[in-house]
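In the structure tokens that follow, a single protein chain appears in two forms: structure 1, then structure 2.
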Structure 1
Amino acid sequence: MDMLNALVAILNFVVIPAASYGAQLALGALGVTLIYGILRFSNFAHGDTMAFGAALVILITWGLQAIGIGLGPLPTALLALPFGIALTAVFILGTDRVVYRFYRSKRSAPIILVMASVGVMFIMNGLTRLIIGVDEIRFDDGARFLVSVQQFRAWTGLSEGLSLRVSQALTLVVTALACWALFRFLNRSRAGKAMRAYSDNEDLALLSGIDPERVVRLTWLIATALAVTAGTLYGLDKSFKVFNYFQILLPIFAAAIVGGLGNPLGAVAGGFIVAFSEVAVTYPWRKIATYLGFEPQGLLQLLSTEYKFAVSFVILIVVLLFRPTGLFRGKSV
């Protein structure tokens, strides 16, 4: 029996990857949930906002690298991030101006806004491809690992290794900070309360002297910052590829929904639920069983990985059946 190895194997293959993937989803879901909570529609362009922002960050990173500026062990992209956020925010506020504001003033049904966001999604998608092409791009520099498998084995002498990447650690930290800050902001700060008031009853917010356009701007700003950060961290971790940012949209939505739309804690919980269910349910337990002294015949896999996405959705549906508006009682329009 070899408890330590079993533990390390689970950590290395299940806990750490699922946690960091969960954090990536959560960071994306925070933006989605914020837009839904305040502006009351599901923003399909969020994935492409992530891609667009990350593309800009990459360009700036290249620029910085060219003139020899770096962050040592941390990726240079972090330095470029604020600029990327600023540029993307300008663009997103522009789309709000020319696209969404019109429907807000018309009081269009949320579905119209959703469709408009699909339009924006297509355009941003095309733009990102125009700007940076469709190829896979890696832009992480600095140290890749906090702990690498080889190092870990050398230190501990265990046969199983453990790795923790800088990008994974970064994502986890940033997500925790973002969630905490957003929660505080919405529930404690004046501006945050104004945003919630606006989402609750737009007319009455007006009557209370809240400037709706400011609320909307603020919402877009925060959501953009979250999206670009999420996009950059995801790109650092996995490499940048435009197509993948559309694909990540579905799990992000799943995360936001299962946690309860409009609730930052829900988004984070949702992200982890989706990620852990994908990894844990399809994990073959044979290796662990072997370490624990059993000699199993098969793989001890509940379901093959082909169905991992299906599994996370089954879990999502089950959660919704018992909690129809998500774990943290989200909103619904």
Structure 2
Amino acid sequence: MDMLNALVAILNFVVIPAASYGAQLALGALGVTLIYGILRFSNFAHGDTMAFGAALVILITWGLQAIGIGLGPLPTALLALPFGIALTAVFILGTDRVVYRFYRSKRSAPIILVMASVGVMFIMNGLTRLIIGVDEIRFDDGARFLVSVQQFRAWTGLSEGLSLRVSQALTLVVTALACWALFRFLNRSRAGKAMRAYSDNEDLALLSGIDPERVVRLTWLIATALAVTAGTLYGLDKSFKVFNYFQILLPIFAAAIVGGLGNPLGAVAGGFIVAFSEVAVTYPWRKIATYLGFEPQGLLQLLSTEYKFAVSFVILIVVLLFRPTGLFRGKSV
């Protein structure tokens, strides 16, 4: 029984939270890696794109709730998500036309585009704070748990409980569907193949008749959809607060670089590697050790949860030092 309790505790406190968090990082890292692979610069405004899109989703959610529209046990935010993606995409395409297009036409160095994205980041952060404020917001209506601790204990008779929140299950399902749709689009559709060709060799793609502006628009649209989806799922799972999305930018970039910046499959793998590393290093393993027959004196916690982003930073530095192309050999940073 103690072995089963240890297994349940690991699932409840490590595997499920890390899988959910890893899926959110994977969606964010996919957007970063697409922009880097096709538009050839690191977009530091990506975290605030997630925040801006999630804020719009929250506002639309409140509007739907005010007129009595909901999804029963599912969050109303799922209904608001397509509208939030559309509005954010309009803003991002406008930003590309006003800011990035000029530097692309001049064939500016990537660092110029990076610095431009930092300026866009501050503007988006200010806009998000202006439209929704700086307070913590919970908008996860509907059923909260698919499985609660009390239900699990009643079913199994174990002393250790397990819970699975609706937001966690939704994150995993939506991320799986989004990744399937993206990889199918990139590998099967004509537009997706054009994007890959443009990423591999821009000059040869232009000679082949590929419209570069169309590729750019598609890239921004897909990256925006991934960012708003990731931001909404992150907010549903952990609550919405603008500053949190600035903080999550580090683990997102770490995930993209670990997997191989410019490699979509690597971005997904990197998201889960970073998430499981953060959770495993900051979780106190004393309860698990006790179930396994040990009597530890301390918490067996390598780092406090306040320092979880340090794990991403260490992973990022190690990868950049020893394997800058990432585990899946993306483009060298």
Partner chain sequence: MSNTRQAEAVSPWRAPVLFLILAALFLAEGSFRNALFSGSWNTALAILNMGLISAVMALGVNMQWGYAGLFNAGVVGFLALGGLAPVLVSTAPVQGAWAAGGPRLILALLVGLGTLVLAAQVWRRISGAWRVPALVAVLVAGFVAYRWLFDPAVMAIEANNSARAGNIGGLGWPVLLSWPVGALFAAAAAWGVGKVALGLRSDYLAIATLGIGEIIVAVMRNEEWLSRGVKNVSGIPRPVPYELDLQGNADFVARAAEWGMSPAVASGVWVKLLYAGLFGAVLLALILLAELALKSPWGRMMRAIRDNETAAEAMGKDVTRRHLQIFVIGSAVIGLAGAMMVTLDGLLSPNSFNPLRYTFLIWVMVIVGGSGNNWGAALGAILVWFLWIKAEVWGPELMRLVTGPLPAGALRDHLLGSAPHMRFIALGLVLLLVLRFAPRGLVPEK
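Heads up, when I say rigid core I mean the largest set of C-alphas that superpose within 1.5 Å between the two forms. Residue 1 is the first residue of structure 1, and the numbers go on in sequence order from there. On a predicted model such as this, the values are computed, not experimentally measured, just so you know.
Note that the form predicted alone is the one shown as structure 2, not structure 1. The two forms, fitted on the rigid core, differ between structure 1 and structure 2 by less than 2 Å at the CA of G63. With the core held fixed between structure 1 and structure 2, F41 has its Cα displaced by under 2 Å. With the core held fixed, the Cα of N201 is displaced between structure 1 and structure 2 by 2 Å or more. For K308, the CA shift between structure 1 and structure 2 after superposing the rigid core equals 4.0 Å.
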